[in-house]
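Coming up is one lone chain in structure tokens, specifically the form predicted on its own.
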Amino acid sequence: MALTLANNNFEVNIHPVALFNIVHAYERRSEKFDTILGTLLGTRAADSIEVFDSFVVPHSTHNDALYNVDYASTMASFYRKVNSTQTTVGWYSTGSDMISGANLIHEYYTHETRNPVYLLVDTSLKNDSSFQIKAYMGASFGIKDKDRLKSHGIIFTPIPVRIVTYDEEKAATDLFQAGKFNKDFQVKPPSELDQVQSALDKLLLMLNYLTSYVDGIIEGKKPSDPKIGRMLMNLINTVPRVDPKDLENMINTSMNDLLMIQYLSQAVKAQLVLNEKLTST
């Protein structure tokens, strides 16, 4: 018997939009289904797969998991027309355990892409009430005949997976997180000035923590860490050396520009509302 192992150096990086689509589809599923299945879209690098989007693929029952491959192929072609940079990189299912028939579904995706990834998303929140995500790659096994492997099945080998975000995605997820403190679970996007104030408050908080950490090391209350010291040195070297007065002038100029943009936007908005009322009367 021979075993063809997958490349375990692969790493799966998944973005929030793909996870939001999976969770949203799970919440809107039919009551007769315990799980949902779907396709993962993204890009592939030499040592990683980056998942940007996903969509649901209909299946018949949870036990048999009869997959609608025609629907999956058609939807993937539609997505490629919208965004040609993203291709099929694998598939997913929800639940705490792999579904039966996962090897058959995975075999279909081996014809769609090279080394597809299988993502298992636990949306039940039963395991310590945490949102768990696992990633696997398929390894074919079977009997070797004349230097060729006659595949008889697939063994799923786990690979690392992590959630990554762009700056824009991080801002959106932070805004969503603020909704859990509201009894109506509703949030409003902050204004530009509120965003500046929030950023300055976070920066001040981090500077205070950093100052207390450095003071603790100098006073001998905390052990020193050479790695953190080198990171702080690199951080300090990246800060431009600007005269305090010039820096204050730059900040004031930027703030004045921001206030001017906000004033003009409010004026344009008022003009549009006034024009709408005049034309409707």
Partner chain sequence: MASNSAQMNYSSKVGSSSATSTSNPVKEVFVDAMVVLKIIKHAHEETTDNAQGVLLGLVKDATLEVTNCFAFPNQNKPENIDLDLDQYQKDIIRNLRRVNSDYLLVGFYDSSFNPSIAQAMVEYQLSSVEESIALVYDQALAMQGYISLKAYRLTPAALENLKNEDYFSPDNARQANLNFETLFEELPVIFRNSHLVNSLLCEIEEQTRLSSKSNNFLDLGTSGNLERQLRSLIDCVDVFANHAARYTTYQKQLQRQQSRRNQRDSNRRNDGNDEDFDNTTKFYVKSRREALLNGSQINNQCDNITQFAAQGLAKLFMAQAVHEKQ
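So that the term is clear: the rigid core is the largest set of C-alpha atoms that superpose within 1.5 Å between two forms. For clarity, every value in this text was computed on a predicted model and none was experimentally measured. Positions refer to the first chain, counted from 1.
Another form exists, predicted together with its partner chain; not displayed. Remarks below refer to it.
No member of the trio 34, 45 and 88 reaches its partner chain in the model of the complex with any non-hydrogen atom inside 4.5 Å. Proximity of residue 60 to its partner chain in the model of the complex falls outside the 4.5 Å heavy atom cutoff.
Residue contact check for residue 131: one or more of its heavy atoms lie within 4.5 Å of its partner chain in the model of the complex. Remark: residue 112 does not count among the residues lining its partner chain in the model of the complex, judged by a heavy atom distance of 4.5 Å or less.
By the criterion of a heavy atom within 4.5 Å, residue 75 is counted among the residues contacting its partner chain in the model of the complex.
With contact defined as any non-hydrogen atom lying within 4.5 angstroms of its partner chain in the model of the complex, the contacting residues in 224-261 are 247, 248, 251, 252, 254, 255, 258, 259, 261, given in sequence order.
Once the cores line up, the CA of residue 249 ends up 2 angstroms or more apart between the shown form and the other one.
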